[in-house]
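This document starts with one chain, in the form predicted alone, laid out as structure tokens.
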């Protein structure tokens, strides 16, 4: 029973730290002090370290030898790799769905929700609504391995967007691109569906890389503070 309670506490703390990282409380490359955070969350340092380890495994934090734990600062190279894999997965999902002329109900619901958001919607709400639409398309293929690969990548996609999305595109622009993708799928046009999703994600990739603060090396390896801030998605 004690072990189960400890595990639950670690998971709860891990979830809360994840939320705070993605909400922008901590800047990319920021050092996370054990003493201060253990006191803030009223947990032992072993519990905090276990939560840190979980977020390191998921790609939100990194450990630097003899220096501690830092918020992961994505480099231009990281962004390129993440979005190359994302594009490959979502192109395949779009082609599968277009081949069936099948738009998943969950994708329609996610599209409608995203379309209702406005300029005052928070960064987290907009980012998660956008990703929910893309996730629904992948899950809708029924391909368990494709879905698993996309789910594994999601935390890094969220980190990309949480750190760098300010000024990328309005909710209306994104919803319009989603609409074009759904139309291509409904027509059964695999070539057009692939073209739309490639354009959608490759434009995002270019924008993110251009705005990456750490083009070559992550900030925590350079021993300097991260200058960028998390802001709202337009």
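Numbering follows the first chain given and starts at 1. Between two forms, the rigid core is the largest collection of C-alphas that superpose within 1.5 Å. Predicted, not measured: the structure shown is a model, and the values here were computed from it.
Not on display, but discussed next: the form predicted in complex with the DNA.
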Is residue 22 one of the residues lying within 4.5 Å of the DNA in the predicted bound form, judged by heavy atom distances? no
Close approach of residue 46 to the DNA in the predicted bound form, 4.5 Å, heavy atom: yes
Using a 4.5 Å heavy atom cut-off, state whether residue 195 contacts the DNA in the predicted bound form. no
If you check in the predicted bound form, is residue 67 within 4.5 Å of the DNA, heavy atoms only? yes
Please identify the residue among 188, 33, 59, 176 with any heavy atom within 4.5 Å of the DNA in the predicted bound form. 33
Taking the partner as it appears in the predicted bound form, which of 37-45, 178-186, 22-30, 197-205 has residues with heavy atoms within 4.5 Å of the DNA? 37-45
Large Cα move at residue 199 between this form and the one not shown, threshold 2 Å, rigid core: no
Aligning on the rigid core, do we see the C-alpha of residue 31 shift 2 angstroms or more between this form and the one not shown? yes
Core-superposed C-alpha of residue 188 shifting 2 Å or more between this form and the one not shown: no
